[in-house]
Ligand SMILES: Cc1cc2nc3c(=O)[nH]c(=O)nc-3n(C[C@H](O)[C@H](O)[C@H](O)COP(=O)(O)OP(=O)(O)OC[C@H]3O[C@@H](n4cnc5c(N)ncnc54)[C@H](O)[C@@H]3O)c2cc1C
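Next up: a single chain in structure tokens, the form predicted alone.
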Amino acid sequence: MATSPVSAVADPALIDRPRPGPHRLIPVTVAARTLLAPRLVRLRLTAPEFAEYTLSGPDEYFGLLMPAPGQDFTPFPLAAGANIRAAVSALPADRRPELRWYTVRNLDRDAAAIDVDIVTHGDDGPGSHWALRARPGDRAGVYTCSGIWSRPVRDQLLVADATAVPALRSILEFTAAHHPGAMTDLHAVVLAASPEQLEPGLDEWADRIGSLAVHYAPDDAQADLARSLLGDHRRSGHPAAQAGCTWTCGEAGLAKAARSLAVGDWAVPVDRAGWATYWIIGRARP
């Protein structure tokens, strides 16, 4: 039977933030490419290692190493504990892949495959450029990492931009399957440039969780919009503003703004304020 983040997580309790296991570099092959929305591509990546793969959390992220235009991906040795960014930078230019960060949308052990959803924006950025052109048989690499989400001790605020919505959806699916009583403790705020970046059906969760708000704004305006929206929540006494823990992921400015407000103004403990930068406007994520 096919598996997914719902059934492939090592510890379904997830009371504490997952502890990452040893990282490794896995050569993968593109098996399929599906257009989920005008600006959202799903790639299925296969490798024998995925037949026995286990996720640390439903929001598990990984480094995707994509060959530059005109190149093929060539696996390279990676010492235990090595810095993946430094290792990539040290490769000769003629076989140096691009490295970008995504999350596992589905894990199918029967097919030895993972699915990754990539927001596209034309040729602006190597991830988008490669995803728009990837075809079955193309090769790439996956550098394994971990998840950061843990289930709420009481109300939890989830803030995501379009690149983090695949992880957000996996969190909702995981919670519905393993901890249905906690569904009403989840409050989600989604910011995207347009509906074209989102897999259809997100609004179906609105009646299943504590609250769901989806707002649209240009990428460079989303951090300020998040501050405004969360400030409104606080002033109105919205349950999301009483959150005992937060998960804020996506573009650096947005993720940092939401986390800083939660920790600085709402007194959310630092160790209960999980966050991750998936990308940075105007430059590569370090």
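Numbers for residues come from their place in the sequence shown, where the first is 1. Note that the coordinates shown come from a computational prediction; the quantities given were computed from them, not determined experimentally.
We do not show the form predicted together with the ligand, though everything after this point is about it.
Contact with the ligand in the predicted bound form, judged as any non-hydrogen atom within 4.5 angstroms, is confined among 150-158, 71-79, 125-133, 171-179 to 125-133. Of the candidates 96, 139, 100, 109, 100 is the one whose heavy atoms come within 4.5 Å of the ligand in the predicted bound form; the others do not. Mapping the unseen interface onto this chain, residue 189 falls outside it, with no heavy atom inside 4.5 Å of the ligand in the predicted bound form.
Mapping the unseen interface onto this chain, residue 215 falls outside it, with no heavy atom inside 4.5 Å of the ligand in the predicted bound form. Although the partner is absent here, residue 50 lies well away from the ligand in the predicted bound form, with no heavy atom inside 4.5 Å. For the chain shown alone, residue 119 is a contact residue for the ligand in the predicted bound form, at least one non-hydrogen atom being within 4.5 angstroms. Along 38-65, these residues reach a heavy atom to within 4.5 Å of the ligand in the predicted bound form: 39, 61.
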